[in-house]
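First comes one chain, alone, set out as structure tokens in the form predicted alone.
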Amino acid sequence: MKSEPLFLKNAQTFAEAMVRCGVRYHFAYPITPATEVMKHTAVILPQYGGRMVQMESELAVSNALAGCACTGKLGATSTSGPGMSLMQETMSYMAGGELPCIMLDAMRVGPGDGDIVGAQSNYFQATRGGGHGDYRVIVLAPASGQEIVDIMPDAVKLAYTYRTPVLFVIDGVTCTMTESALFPEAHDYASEFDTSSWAFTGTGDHPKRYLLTGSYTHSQGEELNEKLLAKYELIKEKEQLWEEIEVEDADVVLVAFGIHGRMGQDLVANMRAEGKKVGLIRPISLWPFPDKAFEGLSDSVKSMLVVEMNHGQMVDDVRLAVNGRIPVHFLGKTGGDMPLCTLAEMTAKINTLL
């Protein structure tokens, strides 16, 4: 299948992108706004020799995903809000077992069951982990349908290279947005990775294998965690992703991800046209958080504004990254009919900081 432009909801774009990159097994349970993903994969996966399987619950989904990963195959799931909460135990298990997969959290307002309007309220859950133990998963936050397509190959490679779940977090506004994206020719990136040294496919011509996510001795628990720690340090060093615009001489730098990061692109263009020195840092990887983007900021930067569709979660990571060198301000909103901070509100707040 050659390169082609498609006009899709971004949830459908996510489904199309992951299938074209080699995902052949999608386990899901309906939940708005992520349901569009499973509806799309149910149609297209058979064309690639794969299957979408609707399970009876999110618990079943996450454990099917773990079972699929044990065989060395790359599976995926898509969910939202409460569904992601129910999968946390398995995420901890898969992190401990070093089992790769692709996941999508179409974030909506919480806490509890919440509402189906878009939000970025799952930042803490995604980047800190809702399961137990010292674990991390790679978290990616694309801001458009095209960026979903562009980083999906990297997501598959990251999942296998580091043998880890890779979690996409996309706010409900972006998930339900319909826009064009240019898809490259389909390529099965998953098939490029040799899993024969660890996959559980029967003893065959190799000794019996076992999956250890607990410990039978105190030393085994320590060894597992030290091994994972070393992997996480390597990921933090090599896999930080971000976009930056006009930060070299900026007086104020806006920091936002997802839909607000995308709005920030227009904000910077508008304010620069007025002669105001405003820049943008848009984290694409939320874990590892792109600390490197903040290390080399010039002395011209007098303050920073973090905008989120929550009451302040990523702002903690920004404050850790600048370590007191620059004042960090916050603008956030969640819930309601339209949980976005508008471009006018963001512009007005920055004008108070200039």
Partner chain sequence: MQELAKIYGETLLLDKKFSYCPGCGHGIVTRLVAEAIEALGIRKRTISVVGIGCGGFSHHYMEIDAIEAMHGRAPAVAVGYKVAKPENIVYTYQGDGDCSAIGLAELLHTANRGMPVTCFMINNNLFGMTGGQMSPSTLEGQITSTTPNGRDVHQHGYPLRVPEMMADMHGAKYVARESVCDAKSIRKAASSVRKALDCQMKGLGFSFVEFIVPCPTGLKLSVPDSYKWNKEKMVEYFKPQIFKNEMEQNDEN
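Numbering follows the first chain given and starts at 1. Keep in mind that what you see is a predicted model, and the values were worked out from it rather than measured.
Heads up, the form predicted in complex with the partner chain isn't pictured, but that's what we're talking about next.
The contact with the partner chain in the predicted bound form, taken as any heavy atom within 4.5 Å, belongs to G202 out of G133, G202, G112, G221. Out of the listed residues K236, R163, K157, K73, K73 is the one that sits within 4.5 Å of the partner chain in the predicted bound form by at least one heavy atom.
For P207, a non-hydrogen atom is located within 4.5 Å of the partner chain in the predicted bound form, even though that partner is not displayed.
At the 4.5 Å threshold, heavy atoms of N225 stay clear of the partner chain in the predicted bound form, well away from it. In the predicted bound form, none of the heavy atoms of L305 sits within 4.5 Å of a heavy atom of the partner chain.
The partner chain is not shown here, but in the predicted bound form it comes within 4.5 Å of a heavy atom of L212. For a residue to qualify, one of its non-hydrogen atoms must sit within 4.5 Å of the partner chain in the predicted bound form; all three of F27, R51 and M55 qualify. Checking 57-65, 288-296, 32-40, 324-332 against the partner chain in the predicted bound form, the stretch whose residues place heavy atoms within 4.5 Å of it is 57-65. Residues of 79-98 lying near the partner chain in the predicted bound form, listed in sequence order, are E89, Y93, the criterion being any heavy atom within 4.5 Å.
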